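Just the one chain here, laid out as structure tokens, in the form predicted alone.
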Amino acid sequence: MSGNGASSSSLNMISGEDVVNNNFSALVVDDSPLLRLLHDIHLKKYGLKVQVAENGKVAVDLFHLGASFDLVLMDKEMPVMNGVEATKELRAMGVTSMIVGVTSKDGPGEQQAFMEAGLDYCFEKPLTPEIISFLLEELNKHHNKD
């Protein structure tokens, strides 16, 4: 896992019951229908409103059309527009959503370029309920500062 100071030990201390705000929205961007469904189901269990996109271009187009999401789960390897390109584009557009990279390759070299594109965190897929709880806790912290 890469990110802003999160450690694997901090993931173990957070449970679904600790997640307070269920008004978050999420965009799941992945070319795999199975992983889109899996992440959609996990996020909805926590009360999130979820939309899915099959590649980075669809995600960027949604934001161009005025959509906004608190959380974006972004696959790295996709056709049309990959996650690195889409993340760079979203950040260039001024998107401040938490963007979390999701990759099947967990090597540090694989994640570095993805993180440099503007991710907040990067995890190996599929995301577990513990990781999703951690991300929602981070969203709560961010929204409580506002």
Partner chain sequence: MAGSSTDPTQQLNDYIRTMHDQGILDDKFDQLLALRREQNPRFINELISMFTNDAEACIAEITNALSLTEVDFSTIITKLHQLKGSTSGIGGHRMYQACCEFRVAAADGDKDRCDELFLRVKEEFNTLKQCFDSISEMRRNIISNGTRRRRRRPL
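Residue numbers count along the first chain shown, from 1. Because the structure is predicted, anything quoted here is derived from the model rather than measured.
The same protein also has a form predicted in complex with its partner chain, omitted here; what follows describes it.
You can rule out all but one of 57-65, 113-121, 81-89, 40-48: in the model of the complex, only 40-48 has residues with a heavy atom within 4.5 Å of its partner chain.
Ser32 belongs to the set of residues with a heavy atom inside 4.5 Å of its partner chain in the model of the complex. Contact between Thr96 and its partner chain in the model of the complex is not found at the 4.5 Å heavy atom cutoff. Within this chain, Thr128 lines the site of its partner chain in the model of the complex, having a heavy atom no more than 4.5 Å away.
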